[in-house]
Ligand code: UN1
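Taking the form predicted on its own, here's one chain by itself in structure tokens.
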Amino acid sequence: MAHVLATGFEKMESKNPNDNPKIKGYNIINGKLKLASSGESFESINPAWLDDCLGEFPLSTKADVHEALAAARSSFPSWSSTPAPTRGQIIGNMGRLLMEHKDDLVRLQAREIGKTLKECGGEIQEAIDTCLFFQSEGRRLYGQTVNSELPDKELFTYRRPLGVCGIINACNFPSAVPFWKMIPAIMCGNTCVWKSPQDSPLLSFALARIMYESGLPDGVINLIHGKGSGAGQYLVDAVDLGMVDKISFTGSTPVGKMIGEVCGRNLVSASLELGGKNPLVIMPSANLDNAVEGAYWAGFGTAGQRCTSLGNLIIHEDIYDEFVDKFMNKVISTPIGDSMRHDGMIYGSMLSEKYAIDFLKALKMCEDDGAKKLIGSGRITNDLRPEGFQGDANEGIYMWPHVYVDVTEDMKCFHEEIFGPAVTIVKASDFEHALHLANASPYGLSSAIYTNDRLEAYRYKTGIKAGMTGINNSTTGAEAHLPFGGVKGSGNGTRESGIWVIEAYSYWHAVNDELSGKLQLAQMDVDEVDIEEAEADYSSLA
């Protein structure tokens, strides 16, 4: 732990990237630091400063993944029999350690994935909140006592852990999301194999070390690094081998469908938190300045690299021109750059070169559809840069903010997720049309409406097909004690966060305790109750 904290977190004071620390990272299997069995490795590169290599990490093999799964299986009996309040106490220790090292973790996360320091601070805080919430849930892992229909018999229900959970998360929320998954998993008594995101292995390594520092027994959480097509696929393939009892995945819808198929044919539980094309509706009664702020943040926070980012901005025709003018005045001057070197940035770099390439392909889709571009020129260069960009564009992977108008329901860009700083704007003729447009994409994750008409707000929240809805708020996610997840192409109905996530990491066990000393059969040995018929005299009521 001390080594990681000493070499992974220092604030970048030097302008020379070679002066920043570079560490050797490891898998953590059964509490031990391990390299890949093949000896192969990969590097973690700062996308905001491409000359800055954070460290070198194991490129895990199938054998490494299977070793981690075996460790999780071996530790399951003792961990699942540990009293739930004790498990909760260890989780509480994790939250306190996260608080102690919060500033260092924030700087590390910003350095590894290019998000702003402010956003990274909020995300580490969400991991802390998750730990503190579930600390007490260890004392509320309730079952029920149920009355029997037969005498001298007691009925009970208990929550039981599933077993070994495979955890796969994306790098855009590399601290909050794995805690959303693993904290309730281990609180319920499960053990985990966590495949870290390829673009944030150092942060994952530091977080896993903190988990063990909190008193977690060896093998309860096992960390493996590598690519999605390598270690991630090996973890999913292990479902077919009977080595995994649960997969929890956050990522793209196509990959989520593949995981769902593997789990489905093995009758293994899957939690799938997938993509979104999140609608935000602006109605004439809205406070337009407030709505502009909400739409702006929803579209360009995290450089648009959130599953809850604004997709289709749906504006009522009566206020369309006024709103677009106000919106574009903010977008044109967006502060963009490395927040570790420049203050006040709205967004920083793309998460990696891969995300940049995929984003540029999505922009071509918008232009092929015939959407009209109001702003945006792809990747920022020193020769072609927006007025709010700070720094040397050649040092990192930065994108212009993009806004497209004249988007219609028949266009591909109306329906497809664009993972990056781009907003597609659609015009609505009235409320019914706006609600129709909001429901017309194949996704159903987050949604929002700005209106001061309470009936419109009510009709929107009851008519929208989405897992989350904001009223006079942006398309943000839930707080740590509310359910997070979507419907349609955005997920399979499971939820992260809050008490609802416990359903995803436990099963109900019904116990029938016969005390009579004889066989009693429900529904067959129940004494019938006779119904006595009585004649009523209604004459007195006349």
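Quick note: we count residues from 1 along the sequence shown, nothing fancier. Please read these numbers as outputs of a predicted model, since none were measured by experiment.
The form predicted in complex with this ligand is left out here; the points below concern that form.
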With heavy atoms only and a cut-off of 4.5 Å, decide whether residue 50 touches this ligand in the predicted bound form. no
Is residue 245 near this ligand? Define near as a heavy atom within 4.5 Å, in the predicted bound form. no
How about residue 35 - does it come within 4.5 Å of this ligand in the predicted bound form, if we only consider non-hydrogen atoms? no
Would residue 477 show up as a contact with this ligand in the predicted bound form if we use heavy atoms at 4.5 Å? yes
What is the one choice in 87, 306, 209, 101 with a heavy atom within 4.5 Å of this ligand in the predicted bound form? 306
Interface residue in the predicted bound form among 134, 249, 179, 173, criterion: non-hydrogen atom within 4.5 angstroms of this ligand: 173
Please identify, from 142-150, 307-315, 193-201, 215-223, the stretch that has a heavy atom within 4.5 Å of this ligand in the predicted bound form. 307-315
